[in-house]
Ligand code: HEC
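Given as structure tokens, the chain that follows is alone and in the form predicted alone.
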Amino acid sequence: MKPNFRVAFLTLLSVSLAVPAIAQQSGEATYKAKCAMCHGADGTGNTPIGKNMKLRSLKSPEDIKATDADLFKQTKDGVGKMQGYASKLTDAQINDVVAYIRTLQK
């Protein structure tokens, strides 16, 4: 490989590996700011608000089986007693939150 091509290749590789980590960090921050008060830090809904609203755990079989598109729609539009976040979060932020929720499910 030529030196310039090698540098460009390594730069692209580094960026492509860093983007998911950045998304997870921003998803985690948004989750903690907007979701954890009800869903809990671990996603189980074991909070006073979560218990009062009878939230099911984000680790439930239903939420694990749900597609990312399903979780995106629920977050954006709301579901049950949960308000929608369409006017409060961008689509990118919602996608980052969904990605973070997936890490909680592992």
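So that there is no doubt, residue numbering starts at 1 and follows the sequence shown. Just so it is clear, the model here is predicted, and its values are computed rather than measured.
One more form of this protein exists, namely the form predicted together with the ligand; it is left out here, but the text below deals with it.
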query	finding
Non-hydrogen atom contact Lys51 with the ligand in the model of the complex at 4.5 angstroms	no
Heavy atom of Gly80 within 4.5 Å of the ligand in the model of the complex	yes
Any non-hydrogen atom of Met37 within 4.5 angstroms of the ligand in the model of the complex	yes
Heavy atom of Gln74 within 4.5 Å of the ligand in the model of the complex	yes
Residues of stretch 83 to 106 in contact with the ligand in the model of the complex (4.5 Å, non-hydrogen atom)	Tyr85, Leu89, Val97, Ile101
